[in-house]
Ligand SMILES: Cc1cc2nc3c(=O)[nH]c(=O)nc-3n(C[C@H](O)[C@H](O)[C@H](O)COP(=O)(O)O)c2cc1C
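Below you will find one chain, with nothing else, as structure tokens; this is the form predicted on its own, and questions on how it binds or moves follow later.
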Amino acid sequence: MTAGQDKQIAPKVWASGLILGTLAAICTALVAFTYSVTVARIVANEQAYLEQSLAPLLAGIAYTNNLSESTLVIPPPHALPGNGPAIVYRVYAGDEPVAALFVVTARDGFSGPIKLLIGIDTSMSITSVRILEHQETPGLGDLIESSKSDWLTQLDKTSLQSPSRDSWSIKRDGGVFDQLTGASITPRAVIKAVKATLLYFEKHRDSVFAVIPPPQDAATE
């Protein structure tokens, strides 16, 4: 290749690189613009879905706050079921706390951890319980799901006084709660987790609803 040919190719390579760089910059700008336009809508949709998912556990309870905006994360170690952080959605009517929704994990299910959503009102009664995730045996342990049986409804309106805290176990273990036909490990794990959550809330109710102070730099501005 002659020196003259080299001089002809160099501008073409440079021009192609410039075009590719320009196209890449345009594509990046378009992606950034699309994200900026849609992110607020995505966040709003996620919050709306969360609110709809949590609301059924608060049937009959009047509240005024957005549940997704009153989240408390309790880092381990703590006395709640599960090894990881526990999430609490605090529920208010005006400035008054009326309930708390706990996301906890029973570690001793038959086939693995069972993630639960547990609603407790400020009178220390269970509003409702839902199963969020599990790996229990189909046709046996999976009957803890509300869509497959009404087993969980026996926990509605219960507390550490009704039944007594000494009775918080399945009937096979001398308690008052029904087990599932052919399965006792799974319901035992759920009942144990719900009781532990009630005990935690009984002891830490004030701290759960305590106002979280702003960061130090924001407080001094």
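Start at 1 with the first residue shown and count on from there. For clarity, every value in this text was computed on a predicted model and none was experimentally measured.
Beyond what is shown, the protein has a form predicted together with the named molecule; the following relates to that form.
Give a yes/no on whether Lys157 approaches the named molecule to within 4.5 Å in the predicted complex, heavy atoms considered.
No, Lys157 stays farther than 4.5 Å from the named molecule in the predicted complex.
Would you classify Gly119 as touching the named molecule in the predicted complex, given a 4.5 Å non-hydrogen atom cut-off?
No, Gly119 stays farther than 4.5 Å from the named molecule in the predicted complex.
Contact between Gly182 and the named molecule in the predicted complex at 4.5 Å, heavy atoms?
Contact with the named molecule, yes.
So, in the predicted complex, is Tyr92 in contact with the named molecule at a 4.5 angstroms heavy atom limit?
So Tyr92 does not count as contacting the named molecule.
Going by heavy atom distances of 4.5 angstroms or less, which of Ser125, Ser128, Thr137, Thr105 would be at the interface with the named molecule in the predicted complex?
Of the listed residues, the single hit is Thr137.
Pick from 157-165, 172-180, 60-68, 190-198: which stretch has non-hydrogen atoms within 4.5 Å of the named molecule in the predicted complex?
Selected stretch: 172-180.
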